[in-house]
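Shown next as structure tokens: one chain only, the form predicted on its own.
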């Protein structure tokens, strides 16, 4: 079944929100009169958000994707071949990785599996003894060009973090397009067949879910039990863990919030849900985020808003990477950061509490 895309990219439409500055302006306007994220942090005893030990080296290979999901914070899509990392930049990432104690290489996109250097990067990280994560939209595994990819990932012990909005068809197709759920189930069965999702620490299958509307993610631990029961009962599918992610109010999800008149209420929900306990585990403290063009960011969300990481030596790129200076920076924050500290917290690794 062909997936009918529910949206087109902001970039292809030349929409005002394709400009990160417009996104930031809309977010600031929606929270006018409320304490800023930095002020909220200080009131909670965090004068500055500083790095913890660097554990995760996240590389965004680009914005090319076979899907165009309504909630996408990357504005990825089939038309985004304009944003693709070169082999030279991949090699610069590997040289920088060798300077760090990071134990995990987190490969993301777009659909990173569509990038011509995906296998090269995953192989190189695996050869270095790193835990490799592939952030997968599932349907990409079914493309003819990716025949055998599931087995290839299993052979290299790559953890598959597969995004699936919901275990029900209606909610998933609403975000991803008609037929998306059916393809996701087929891909999950394929991953189960090659050894993923059966409790083997070398074949980890994680599912990542996000809400279908303007509310916070469900509690991760209780939702995991519900998901495991439903997917096994209805489809015979097993997986290892569930990661619950709050939708970030940026890019195409921000557009939906504005068009549905939910922006102000959603931002209030995030601000009112601020949880100081969630702060210590936010991804910007233990992660380095590299964009397709080699720029460095505190997190994937800052990357999409063009909020470059700031160090004492100024803006740093992957080609000029200095680990010691990186660890001395203060994290750049703005209003969207409430998305990571609301409720149980939210990051690329799921809940932070």
Partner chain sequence: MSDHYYAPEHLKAFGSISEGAPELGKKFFEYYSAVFAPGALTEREKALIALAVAHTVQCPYCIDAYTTESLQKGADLEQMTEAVHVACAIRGGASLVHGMQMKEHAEKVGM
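Positions refer to the first chain, counted from 1. Because the structure is a prediction, the values reported are computed rather than measured.
Note that the form predicted in complex with its partner chain isn't included here; everything after this is about it.
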property: Non-hydrogen atom contact residue 167 with its partner chain in the predicted complex at 4.5 angstroms; result: yes
property: is_contact(residue 215, its partner chain) in the predicted complex, heavy atom dist at most 4.5 Å; result: yes
property: Partner contact for residue 280 in the predicted complex: its partner chain, 4.5 angstroms, heavy atom; result: no
property: Contact flag, residue 276 vs its partner chain in the predicted complex, heavy atom cut 4.5 Å; result: no
property: Stretch in contact, per heavy atom within 4.5 angstroms of its partner chain in the predicted complex, of 106-114, 131-139, 81-89, 169-177; result: 169-177
property: 51, 55 and 126 each touching its partner chain in the predicted complex (heavy atom, 4.5 Å); result: no
property: Of 198, 119, 156, 269, the one that lies within 4.5 Å of its partner chain in the predicted complex (heavy atoms); result: 269
property: Residues in 220-259 close to its partner chain in the predicted complex, defined by a heavy atom within 4.5 Å, in order; result: 226
